[in-house]
Structures are given as C-alpha cells and as structure tokens.
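A single chain, nothing else alongside it, follows as structure tokens in the form predicted alone.
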Amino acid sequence: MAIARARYQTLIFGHWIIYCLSLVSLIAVMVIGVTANGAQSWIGVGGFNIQPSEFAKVSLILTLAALLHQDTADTIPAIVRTLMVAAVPWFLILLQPDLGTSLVFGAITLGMLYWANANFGWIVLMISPIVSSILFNVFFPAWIIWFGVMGLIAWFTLPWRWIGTVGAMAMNAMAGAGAGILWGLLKQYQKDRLTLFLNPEKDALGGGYHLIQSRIAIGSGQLWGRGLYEGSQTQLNYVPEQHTDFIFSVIGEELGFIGAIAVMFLFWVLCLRLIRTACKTEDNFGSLIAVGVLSMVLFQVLVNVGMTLGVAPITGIPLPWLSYGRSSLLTNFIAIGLVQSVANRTP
C-alpha cells in the first residue's frame, strides 16, 4: 500500500543505489549464503532465509526502466549498454547456481528492450545462439535452416550489413559447436531438469519422478477435481515440492480442469491490466516498469505451469503469489505496488 501511494518517479534518481545494493547482496550470498537444493541462494537473517535474487528482479526492472525511458533501444549502442547492465546480476545469479532465476532476468530484459523500440529482428538474433546450441546437437538439418534464416535477419536488420551478418552467423556457429562444452559446465541436477521432461520415464525414480507424479496428479483431477484436501497424490506426498514449484499440480488434482483454468484466467486478467497500464501512461519510465513486471510474471507463470504439465524443463521457477516463499511473495507484491503507483498517476 505504501509503495502504491508513493511517487514512483523519485526512483529514477536512486536507481543506481538500488542496483548497487542488489549486487552487494548477490555477492554476499556467495560468501555467507545458505545452500539448499544445490544452490547457494539464501542469506539467514533473524531466523529467516532471504533470497536476494528475488529482490534483484525488481532492481533490474527499475534500473532498465531508468536507462531506457529517455534513450530508447533503437540503436545498437543502447542495446549493448542495457545488456551490460543486466549481465552483471545475471552472471552473479548463474554462479549460485540458480538457472531458473537467471532465465527470468533474460525474459525481463528482452521484454523491456522490445517495449523500448528495439528492432524485433535484433531480439531474435540475441536469443538465436540458445536455439542454435539446441538444434545443432538435437536435429542438425533444422540447425542449417535456422542458421540461414538468422543470416537473412541479420542482413536486413543490422547496420554494417556484411560485418553484422558475418558476426551473427559466426555467433550461431560457435553457439552450436560450443554447446557440448557449456553442457559440461552444468551440474548434473540441472542437466536432468533440462532433459528429463522429454522422457521422464528414463529415470522414473530419480530426476523424472517429480514430473511423473505431477502428471498423475493433474490427470486424476479430471474436470471438477477431487475436492480440497482430497487429492491422493498431494495429500499422501507423492508430489514433491508441492508447496513451491509444483503448487499447480495441487490445483489441478484438487480443483480439476475448471479450477486450473480459473487460476490461469486470473493471471490473464492481471497481465491484461499490466498491459493496459503500460499503454495508458504517458511516462516512459512508468510504462517500462509495467512491462518489466509483465515480463517477469508472464514468464514465470508459463514456465511453472509448463513444467508441471511436462511441456517445459523443470527449472525451479515459482508460481507467482501461489508458491510458498517469503522473498518471492514480497518481491511480487513490491512489483505490483510499483505498477499500482504508475496506474494511480495515469490519467
């Protein structure tokens, strides 16, 4: 409530302070942090565990909004400056290692760049190395087609056509060939999370157990669900992490298809309101804040629901406002408070 009533414009003058404090907290995690589930992402304070990477999401949104509200992302130097600012906290989070949160940072950055008038072709080229690294090692003929398409996009969108095209194609070639090296740098549990969703039965009692039980729980809910506290998979604790990452499995089993659709509808209404706020405000800073929050929420919802259904890798991304987690819940409320502050000052 206090954030919603405050003037969000004052944050423009203190965004670098917020950004630096966020970096300090992320570095502190690596020194005095608490390790859980393979990641050193929490700091113990007064009997509670605080996750700085969650608050860093809001810090990144404010910082990028302050950078882009005057100098739009319609030039290569502006995009490079934005990516450099986002890369520092992203790298620190990846070192924890927290792959899920680092992906959220990428979604926030790309969403805000797009809203700040970045050429859509440039955004495609920025994510093209990730696609290349997958296609090169999974389905090489598709990689050849992708490689050619990226060359055409670079030729028609980048300045200095020859240099830009050669650079973009070289970047995709190196990403594809170097994917094996990067794969070797991942922890084993991260590899399992990224691949076992395609065939969870391959390790039914290990890495694939979460997804198999989640599918059973959601499927058993059918249309109307089994009723609150009546789901066998969840009440008998067959579904691991059901209060955090797999909370949607509980919804699917106990409230059924109707309940799951109702939850998704509420998220859709929220995202629609965020888009409306971003479009109505005449202040670029406020508009970018709304889009940054939209990118954060939308990406987390899609990935979390997708991983419980088995159509996305299990990355440990919580479902906003529903998954248990003090830092995540507080971060989401702070983000919505900022957008409400923007909406309150929009005619």
Partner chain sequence: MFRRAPRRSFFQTYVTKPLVNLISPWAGIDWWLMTVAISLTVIAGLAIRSAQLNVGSTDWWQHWVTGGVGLIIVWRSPALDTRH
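Numbering follows the first chain given and starts at 1. None of the values given here were measured: they were computed from a predicted structure.
Keep in mind the form predicted in complex with its partner chain is missing from the figure; the text below concerns it.
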{"query": "Contact check for I251, L330 and V339 against its partner chain in the predicted bound form, heavy atom at 4.5 Å", "finding": "yes"}
{"query": "N117, Q222, T75, Q235 - the one with a heavy atom within 4.5 Å of its partner chain in the predicted bound form", "finding": "Q235"}
{"query": "Residue (of I79, L125, L99, I247) lying close to its partner chain in the predicted bound form, criterion heavy atoms within 4.5 Å", "finding": "I247"}
{"query": "Its partner chain contact in the predicted bound form: L274, any heavy atom under 4.5 Å", "finding": "yes"}
{"query": "F285 within 4.5 Å of its partner chain in the predicted bound form, heavy atoms", "finding": "yes"}
{"query": "Residue contact check: W146 to its partner chain in the predicted bound form, 4.5 Å heavy atom", "finding": "no"}
{"query": "In the predicted bound form, Y229 touching its partner chain (heavy atom, 4.5 Å)", "finding": "yes"}
{"query": "Heavy atom contact within 4.5 Å of its partner chain in the predicted bound form, the stretch among 67 to 75, 152 to 160, 169 to 177, 88 to 96", "finding": "67 to 75"}
